[in-house]
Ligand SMILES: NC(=O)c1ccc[n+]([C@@H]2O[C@H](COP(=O)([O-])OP(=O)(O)OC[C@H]3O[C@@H](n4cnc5c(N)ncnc54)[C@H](O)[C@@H]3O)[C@@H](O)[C@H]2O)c1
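Shown below, as structure tokens, is a lone chain in the form predicted alone; questions about how it binds or moves come after it.
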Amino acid sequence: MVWWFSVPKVIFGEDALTTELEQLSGKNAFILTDKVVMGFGFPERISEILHDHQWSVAIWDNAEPDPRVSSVKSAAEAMRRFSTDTIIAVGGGSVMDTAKAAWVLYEHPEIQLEAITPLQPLDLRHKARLVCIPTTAGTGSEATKAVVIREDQTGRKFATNNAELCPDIAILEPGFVKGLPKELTAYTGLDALTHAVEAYVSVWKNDFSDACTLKTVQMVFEWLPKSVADLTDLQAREKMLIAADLAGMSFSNSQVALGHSLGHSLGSVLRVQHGLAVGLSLPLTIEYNCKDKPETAKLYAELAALVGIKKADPELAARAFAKKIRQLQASVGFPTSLKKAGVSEKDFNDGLDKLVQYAMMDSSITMNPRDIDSGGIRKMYEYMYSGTPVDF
């Protein structure tokens, strides 16, 4: 089988931002961000560097969490008015998703976002190229060819993937994540871990994605607790930026699985933050996928060995790995159930049918190594609400 491993040019380390921007070619830079990131002054800092090198710069700061199609269209129209030749996304995953999707509509307004497939030619880069600068260490969107958008009418998230959506350049500037709050540091760190682990058992896994996963798992277990414990630890911040980027490379080229189907649905129906949603799903999906699936259990056992778990029985090793992840979550203040995350029992029960429906519709479920039906999805959510390990 022929396969393609798509990654951007990656620049990392202190002074990565200035070094790369000074070498960037173009004339009309469209900085896409949100109000929160604007408050930190990062877009203005980028604008100043570009102005010093004779660029014209426009800043659009209307990106929203879990971007809707209408928001994406607004960004694309603003790009069009500015005759953009370089798009610079500065923010978290939602900002970068907005930039990718708007880029498509800027170049080809006739394309329907929900109709994009991995094999469909998008014919991008005639008008602009894309630079991504993350301000969180988790989504890895700066390294992926994936995008998640929300329908305006239903609120349902849909994920799409295409090699042409991989950014041209990713700049990992440690200072841009230095002030990330503890809660968001934990949530985004678990997002990165989930990307890596799911990529390792996806039915489209490959040797290149596996290599990125193995390093990611080691780095998250070592550096996430340090990053949460000391928000000024620039080394820990930089290591988590790199881990998130590696995880992005991994899942972008192999795909995520059941945990993201569950997580996307939680975000759509109950508006659970993405890193929290998929992080809650991760240990439960490990326990579900390893049952009576020796080959899958062996893969989880290989990851477990990276964090000191050595058991002869692969399924026992996989379950110990799930337990180890819960211990990591507890150590960084990450909720271990939907109930502890603040979801009321009424809201959960009222939304359960739609949670199941949307999860079954999510494309990531097709990459899972073990089949699951709607009844199984319902049980997964019930176990997730109470924080009970999966035994079926």
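Source: prediction; values computed, not measured. The first residue of the shown sequence is 1; numbering continues from there.
Although it is not shown, the form predicted together with the ligand is what the next lines describe.
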* To do: Work out which of Ser74, Asn162, Thr296, Ser94 lies within 4.5 Å of the ligand in the model of the complex, going by heavy atoms.
  => Ser94
* Structure fact -> Checked Thr136, Ser268, Ser202, Asn289 for heavy atoms within 4.5 Å of the ligand in the model of the complex; positive is Thr136
* Among 205-213, 269-277, 117-125, 228-236, mark the stretch whose residues have heavy atoms within 4.5 Å of the ligand in the model of the complex. => 269-277
* Asked: Any of the heavy atoms of Gly26 lying within 4.5 Å of the ligand in the model of the complex?
  -> no
* Asked: in the model of the complex, does Tyr106 have a heavy atom within 4.5 Å of the ligand?
  -> no
* Asked: At the 4.5 Å heavy atom threshold, is Ser141 in contact with the ligand in the model of the complex?
  -> yes
* Asked: Is there a heavy atom of Val36 no more than 4.5 Å from a heavy atom of the ligand in the model of the complex?
  -> yes
* Taking heavy atoms and a 4.5 Å limit, what residues of 140-162 are near the ligand in the model of the complex? -> Ser141, Thr144, Ala146, Val147, Val148, Lys157
